[in-house]
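This document starts with one chain, in the form predicted alone, laid out as structure tokens.
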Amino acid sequence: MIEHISFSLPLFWSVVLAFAILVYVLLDGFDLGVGILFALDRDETHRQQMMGSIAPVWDGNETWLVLIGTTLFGAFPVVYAIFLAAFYLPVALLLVALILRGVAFEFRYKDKRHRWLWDLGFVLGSVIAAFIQGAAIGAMVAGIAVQDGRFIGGPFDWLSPFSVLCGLGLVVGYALLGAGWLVLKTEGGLRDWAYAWLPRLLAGVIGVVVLALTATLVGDFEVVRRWLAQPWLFAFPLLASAAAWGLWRGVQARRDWQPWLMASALFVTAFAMLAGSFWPWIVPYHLTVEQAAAPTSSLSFLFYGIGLVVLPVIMVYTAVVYWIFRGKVSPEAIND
């Protein structure tokens, strides 16, 4: 059977990769956002509610990051090699931040004497992980130096004023997702506190997007020419504007489900805009999906192993966990 569909395997794996990235951003985005917001509320009861809202799902959310790395390594090894060479410093920082965050999450309840230290680690891990991801996206939009299928730039090429702006933007964006999640999952004082932060965070996201768009136009990036060549892409900013309006209306009407859903819609439209801007490039302006794909035999092996077994299991596991732990979280969710 696989021989008859081998021509579509690169497309299949590019769709799987895009899907895994989007799900990771939406799921780990809100729990990183809760970690970022953790720094803004020193009330211990609120902090326990924050922890309780993400405790059942935060480690499962990061499973999608593993799937992304595995898919890149197996289906697009050239891309894996280029990205690792171009971003090995931020990738190392990202791993340290995620480890720090996970350790802090577990230890703050075991080591009360140094709880302040674990709280600091939880916040720093969340902020650094979000910033690194945003900076990497900014570096990709600006373009990375590739020649003959190899990265030829320096270790700090990913760090520029534009990538820093994108990194800060994702920190604010994840905080917006986190505030929407807290409104959805909590009640009482913390819910009111999150509602108060949502308009400020939405204004911050809009401000960063305007600055990033201005910097993109001034910097005359290649992506601008792709936007002009494909005017249908401008439908996504319009959809994003509708999502922002829907989020604002949700805050005004105090509909708990609406802010998180609309914040997620903002991320979906931004992701679709990026994907449409880059397609069919998988390494922007250097390698297409077809050029970067592994041999058919490797893609076929992945199809039967990860595509038909691992991916469905992760999807089912994720859906079941979110269904079991649906509903509001009480302050007693995590025992002090």
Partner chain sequence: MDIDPVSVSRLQFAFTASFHIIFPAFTIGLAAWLATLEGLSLVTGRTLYRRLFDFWLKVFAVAFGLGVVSGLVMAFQFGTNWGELSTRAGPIQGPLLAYESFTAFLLEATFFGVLLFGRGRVPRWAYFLSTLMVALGTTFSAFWIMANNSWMQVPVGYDLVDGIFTPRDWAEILLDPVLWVRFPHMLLGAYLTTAFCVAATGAWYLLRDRHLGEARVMLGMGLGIAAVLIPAQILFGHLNGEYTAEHQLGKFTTIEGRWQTEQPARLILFAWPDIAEERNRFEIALPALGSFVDQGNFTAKEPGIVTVPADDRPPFLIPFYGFRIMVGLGLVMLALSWVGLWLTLRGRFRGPTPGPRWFLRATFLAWPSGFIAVLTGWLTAEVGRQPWVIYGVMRTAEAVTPSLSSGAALASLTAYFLVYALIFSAGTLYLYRLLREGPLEDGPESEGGPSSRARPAALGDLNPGRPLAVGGPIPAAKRRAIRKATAPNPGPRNLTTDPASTEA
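Positions refer to the first chain, counted from 1. A quick note: this is a predicted structure, and the numbers were derived from the prediction, not measured.
As for the form predicted together with the partner chain, it is not shown, yet the points below apply to it.
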Original post:
Thinking of A81, L311 and F325 as the candidate spot, does the partner chain come within 4.5 Å of a heavy atom on all of them in the model of the complex?
Top reply: yes
Original post:
Even though the partner chain is not shown here, does F267 get within 4.5 Å of it in the model of the complex, heavy atoms only?
Top reply: no
Original post:
Looking in the model of the complex, any heavy atom of A39 within 4.5 Å of the partner chain?
Top reply: no
Original post:
D59: heavy atom within 4.5 Å of the partner chain in the model of the complex?
Top reply: yes
Original post:
in the model of the complex, does V141 have a heavy atom within 4.5 Å of the partner chain?
Top reply: no
**OP:** Taking 4.5 Å between heavy atoms as the contact cutoff, choose which of L120, I99, V224, V164 touches the partner chain in the model of the complex.
**Re:** I99
**OP:** Select, from the options 173-181, 146-154, 209-217, 126-134, the stretch whose residues sit within 4.5 angstroms of the partner chain in the model of the complex by heavy atom distance.
**Re:** 146-154
Original post:
So which bits of 105-131 sit within 4.5 Å of the partner chain in the model of the complex, heavy atoms only?
Top reply: F105, E106, F107, Y109, K110, W118
